[in-house]
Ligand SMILES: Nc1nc2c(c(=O)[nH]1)N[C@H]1C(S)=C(S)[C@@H](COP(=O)(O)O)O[C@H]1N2
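Quick setup: one chain, the form predicted alone, written in structure tokens, and binding and motion questions come after.
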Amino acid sequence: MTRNPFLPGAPRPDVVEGLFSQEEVLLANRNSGTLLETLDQDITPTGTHYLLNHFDVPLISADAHFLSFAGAFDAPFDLSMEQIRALPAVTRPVTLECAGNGRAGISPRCFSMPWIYEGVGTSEWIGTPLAPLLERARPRRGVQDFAFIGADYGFDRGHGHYFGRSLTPAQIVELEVLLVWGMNGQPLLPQHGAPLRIIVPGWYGMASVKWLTRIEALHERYQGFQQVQTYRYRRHTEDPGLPITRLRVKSLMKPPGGPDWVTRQRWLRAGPVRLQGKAWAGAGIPISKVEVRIGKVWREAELTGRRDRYAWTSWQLDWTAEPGVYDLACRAQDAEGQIQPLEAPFDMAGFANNSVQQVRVHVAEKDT
């Protein structure tokens, strides 16, 4: 019997471990990951920055678009895109990672976008600080939440809704949220939220609502589907869960050498090889160390800096590769002492898997 996905409480398709269903492949065809070969770049090229869009991409005319400050404000107002672009502008490199990045490495796997490693990227976001605009709208006493509502509409588990997330007044004070209209020197592309979105630095990407149409001040906590029904850490089906917020410490390696088309295993000649990649943590916490495992031995890499406190840190390690087959891995540690685990931390929905990346490398003789 065909399931009706629009019925209230409709379940997602079943998952078969080790196999990806047609529905998961459809999700992967709509959403794309960062090319790992760009991990030697501080800024991810715009066309290769990862994408995770829940519903259809709204095509919105910037000339006709307005942002509304509504709800429990004493001085609500609307802003056109022309007025928004006239506000004091900042450009800030920020690393964004999808909360589901690494889901394919968790067992049992939950049905959703089957990310492996590529759901992360760093762009220079162009916009204006959000906090002064909220102050201008004068939130009323007792406001508990600010809801950010996008123009993208669809269904999840039979529940129709516009994608929305919220932040508390305390979080607005703590986080350096940007109201963004540009990316890497150009206007936002439609798939990245044009003409307007927010960026919440140091948090997983679900908080950075795209196609922003309305900011609503609420005297109660926001109960939108994407706020309370998902993006929560859960150990079992009855677990109410904890909200997902800041990024966990993580690192990735640019795969060295050349790839096999199907397996993505790597081939390179024996001799000097520079291994390099990126590491990051949430809330602007610095990276204190990156180690690279070659075979069974961990070696400390050199940290070569970061562009901003919310941008990833570059690292490199020089290796004299001898012939053989190697499983390379990298792991990061942040200034708070958090370190990447070797095994994936379990979560019912496969969220926030920050276990180490592994890359199989075949090193050939020099004259091969």
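One rule holds for the numbers: they count along the sequence shown, beginning at 1. Given the structure is predicted, the values throughout are model-derived calculations rather than measurements.
Below: the form predicted together with the ligand, not depicted.
His65 falls outside the set of residues with a heavy atom inside 4.5 Å of the ligand in the predicted bound form. Among heavy atoms of Val209, some come within 4.5 Å of the ligand in the predicted bound form.
None of the heavy atoms of Trp181 is located within 4.5 Å of the ligand in the predicted bound form. Using a 4.5 angstroms threshold between heavy atoms, Gly71 stays clear of the ligand in the predicted bound form.
With the partner omitted from this view, the residue of Glu216, Asp152, Glu291, Glu124 that lies near the ligand in the predicted bound form is Asp152 [heavy atom within 4.5 Å]. The partner is absent here; in the predicted bound form, the one residue of Met253, Ala281, Leu167, Leu96 having a heavy atom within 4.5 Å of the ligand is Leu96. Heavy atoms within 4.5 Å of the ligand in the predicted bound form belong, among the stretches 296-304, 319-327, 52-60, 333-341, to residues of 52-60. The partner is not shown here, but in the predicted bound form the stretch 180-201 reaches within 4.5 angstroms of the ligand through a heavy atom at Gln191, His192, Arg197.
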